[in-house]
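Take a look at this single chain, the form predicted on its own, given in structure tokens.
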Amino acid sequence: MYQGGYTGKVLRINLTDQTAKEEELPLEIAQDYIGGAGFGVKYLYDEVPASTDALGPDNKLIFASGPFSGTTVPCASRMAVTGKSPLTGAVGMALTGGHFPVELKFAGYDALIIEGKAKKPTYVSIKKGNVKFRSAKKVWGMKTLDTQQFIKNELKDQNVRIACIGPGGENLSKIACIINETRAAGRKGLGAVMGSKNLKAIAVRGSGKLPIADKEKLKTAKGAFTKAMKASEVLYPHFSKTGTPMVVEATDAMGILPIRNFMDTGTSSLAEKIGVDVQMTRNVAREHCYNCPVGCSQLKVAKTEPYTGILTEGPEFETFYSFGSVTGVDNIDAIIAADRLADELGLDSISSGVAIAFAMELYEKGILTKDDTGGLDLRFGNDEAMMTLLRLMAYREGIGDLLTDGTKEAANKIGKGAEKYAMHVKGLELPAYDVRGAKGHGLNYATSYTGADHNRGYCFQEIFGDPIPFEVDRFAVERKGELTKWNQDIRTATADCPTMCVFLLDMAVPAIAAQNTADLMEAVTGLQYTADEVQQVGERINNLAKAFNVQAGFTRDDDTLPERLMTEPLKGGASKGQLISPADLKLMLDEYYEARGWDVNTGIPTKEKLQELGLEYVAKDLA
């Protein structure tokens, strides 16, 4: 019996026969996986064979928030969306914030499972336990923000919360995302999975409240949590005012802000053009997720032609990279406009920008010509060409049809040595850190179960110099396997599952993260954990996801990095001369597999490790 935090219900929607049914959430799943990404990976592994066509009707989408969402725990309006990724073929899991995650809980559900395929464009409305399947004929083809407004008007409810896709998802772009309000479940192409199911949107309206197991214990646990937040030298003094874009200066100073498709990292600085001082001239307001006192999202408005007056929530640091430094664009207003356009089209901004940078390098090297680009001048820094490419990618027109399935697939089709310039791991484009100068961060890219994903095991020790669990040298390779395992497991268990804003782990509570999560879980839900047991939840989920990928055909050879990062030293800046050589990577991988208790030669979880984590049935599958 659930005491608090959970509704205890899962809503399963079958689009093929237009049915919806409520199921009980088994208590043992809540205990072993907590919520969010844990529920997503668990249901995906159990219900979707790893060989499933990611864009076929048998793939599923699992929307799951955690037990802290919808309670008075601050910064907890987060949700994981999980399915098999059409971009990578591996586990696809993306996180998003805003208000939709809490609304789903208030509507009565810990998780929503979407399966099957609608015969015609459809959207689903969920209100007070009543599920309706509605025609999406009028909104099919609309951009995401217009879609949301239209559905609100049609439902006669301006407070309904909506997750939807844009033209990118409709056209099955493998880098399409899911947008709720202006927040994105951005990576791994999950918007294409929605599009493949003819599902345009999910509209949710709730009215319920969540019980709390022990209000006095919650008061004490929240006190320790908020005390750590207030004591942070970064969170309120800086992060709440500037958000993630403040990292532009930090990575620029470290010589790891990628420039022009990772060719010129460290050789030039863009901080004067797109750094915090310039960003602040475009800020007009701040946005808060539900019950978040920090309010890190900044509303920015462009001030110069041809982008004057364009407003966006963001761009985040990753977008200043993807539509800025990696493409060589130093026009802040163009970056603002591209961020808004990507959201409206429903394209992941990271993969979109990296794909554009890839095309720009190929163009400058003569591998692509104007005949290939439809006359577009794709030299680095051409912001007008960047905007045009975003539209072409969303609508699968011209060269956009080639790029919209990601750099790995595009390089394979282009040939001529293009693979050398495709910056991805397992098909997922690299985020905004040149890991030649942050090698633990690079090991996370190589080993993350979703591909090159900074959010799976962000190495804040290297980026921010925080000595928890131990002090590190960002250029060293020793102990990075141990560190990466810790980062991945702690991040999963204390942020991705309960569900909490991960920025708090990086900036405020790393020293108390596991114990704080245990205390909050007992107070909110009544379920009891030690700090070690919390961390083991993260380990269990990472092992289960790895097992899915093994069955999908991934091997140790896929735990690697782009050739450029292993063979070309950085040319300048504070990390000049650094790279991650094949020998460096082998050493780190061996150490990582050993720390995980996996077979060092294959990188596959051992029977003993899976049994230790209560995953005996998975051990049988792998055998």
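Small disclaimer: the values here were computed from a predicted structure and weren't measured. The numbering used is simple: start at 1 and walk along the sequence shown.
The same protein also has a form predicted together with a further copy of the same chain, omitted here; what follows describes it.
Across the options 254-262, 389-397, 184-192, 320-328, residues that bring heavy atoms within 4.5 Å of a further copy of the same chain in the predicted bound form belong to 389-397. Against a further copy of the same chain in the predicted bound form, the set 46, 50 and 556 makes no contact: no member has a heavy atom within 4.5 Å.
Contact between residue 371 and a further copy of the same chain in the predicted bound form is not found at the 4.5 Å heavy atom cutoff. Of the heavy atoms in residue 150, some are within 4.5 Å of a further copy of the same chain in the predicted bound form. The closest non-hydrogen atom of residue 294 lies beyond 4.5 Å of a further copy of the same chain in the predicted bound form.
In the predicted bound form, at least one heavy atom of residue 309 sits within 4.5 Å of a further copy of the same chain. For the candidate set 476, 511, 284, 231, a heavy atom within 4.5 Å of a further copy of the same chain in the predicted bound form is found for exactly one residue, namely 284.
Of the listed positions (141, 211, 108, 526), a single one reaches within 4.5 angstroms of a further copy of the same chain by any non-hydrogen atom in the predicted bound form, namely 141. Contacts to a further copy of the same chain in the predicted bound form (heavy atom within 4.5 Å) from stretch 327-366: 340 only.
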